[in-house]
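As a starting point, one isolated chain is supplied in structure tokens, in the form predicted alone.
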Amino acid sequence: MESSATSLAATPPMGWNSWNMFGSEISEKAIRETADAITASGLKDCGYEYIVIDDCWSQKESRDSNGDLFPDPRKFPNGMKALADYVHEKGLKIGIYSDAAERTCAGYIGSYGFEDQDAQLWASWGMDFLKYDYCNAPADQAAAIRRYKRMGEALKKTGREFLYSLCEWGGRYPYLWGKDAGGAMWRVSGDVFDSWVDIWVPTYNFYGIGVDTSFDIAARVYEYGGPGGWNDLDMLVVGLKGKGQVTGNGMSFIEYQTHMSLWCIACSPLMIGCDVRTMEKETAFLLTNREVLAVNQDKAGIPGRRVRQYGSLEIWKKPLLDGSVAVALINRGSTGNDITLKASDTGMLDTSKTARNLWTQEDIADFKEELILRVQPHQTILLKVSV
């Protein structure tokens, strides 16, 4: 029999998370309108199903007289059960956030010592997903494993299916133990900001990860992801365009496209971070290209890996269930360059092959031994190569 995590996360989870756009200004109104927009825009039809309420949803200073967490009445005047019912009526699922310590990253009440009580409460509200952070918690790996397992067991006791997301940021190697703790996805890096390069963030007193750094992180951990347990490269910054809580230098359309390409070929969960209520056409184009999403959601569940790197140029390969392969030609440099895709890069030797550009949804070439394509600075050409 499949485990709960495997059945819920047979492919990388897809959805939307409130933090990147709204931060502490999250509200019932924003969640309801986001549910409406995900349904109306076609995002739901593309597979985006989870709406996750991140930090700052609860009353900040204390629990109620029963020891329960309770939502900030200013932000969520009708309570979480009514909100979950609204999201479910849209055919979507809803998630909540907490932390494996006394306080969350934003200083709100955490769940350490209240794991069973909080899990039962969230189940009674109808929650489907928990993002569990690790701010203000012990630094050692053993403590992290204990705390995450404790919440994983508490979620199981509720009898309700929860998709359990471990947000430990990778420092204690959660990809080695996350599935044993009950997790279906685990963060493998710090927070990704709306920037191509890493940036210093004075507000949080740490370096925010740029998309360029995420390539090397994904390359290190690819072998640990698969059905039921995925390497999480963090929420998407596609479409933020300098707005929200993870502002940085901002990125160009080509850089956002590369960001989306990497998350898809690496089999990262796809959790949208922008305001989908006001989504521009080019953002919708990047988030709803079904041929690109099919690479991420391929049933084989094999994360892509870097097969060749020379200078700032890279080639990644991801085997697909139908026998074809997804190939990413990536230029992380500042000048345009030709990239030569060799038959050996694809694993398809001594046979004629068709290369399809998944972003333009066009068959662009037939080749046997090699294919040379010009790749612009920070661009990724995402191909499907088939016999």
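Quick caveat, the model's predicted, so the values are computed rather than measured. One-based numbering along the sequence shown.
The following text describes the form predicted together with a small molecule, which does not appear among the structures shown.
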For this session: Let me know the one among D55, E49, E28, D345 whose heavy atoms come within 4.5 Å of the small molecule in the predicted bound form, would you?
Result: D55
Seminar exercise, completed: the small molecule in the predicted bound form has a heavy atom of only one listed residue within 4.5 Å, and of C105, V201, A154, I145 that residue is C105
For this session: Tell me, please, which stretch of 281-289, 305-313, 105-113, 213-221 lies within 4.5 angstroms of the small molecule in the predicted bound form when heavy atoms are compared?
Result: 105-113
Problem set entry | A266 within 4.5 Å of the small molecule in the predicted bound form, heavy atoms | no
Exercise. Closest heavy atom of W196 to the small molecule in the predicted bound form, within 4.5 Å or not?
Worked result: no
Exercise. At the 4.5 Å heavy atom threshold, is M271 in contact with the small molecule in the predicted bound form?
Worked result: no
Problem set entry | Partner contact for F76 in the predicted bound form: the small molecule, 4.5 angstroms, heavy atom | no
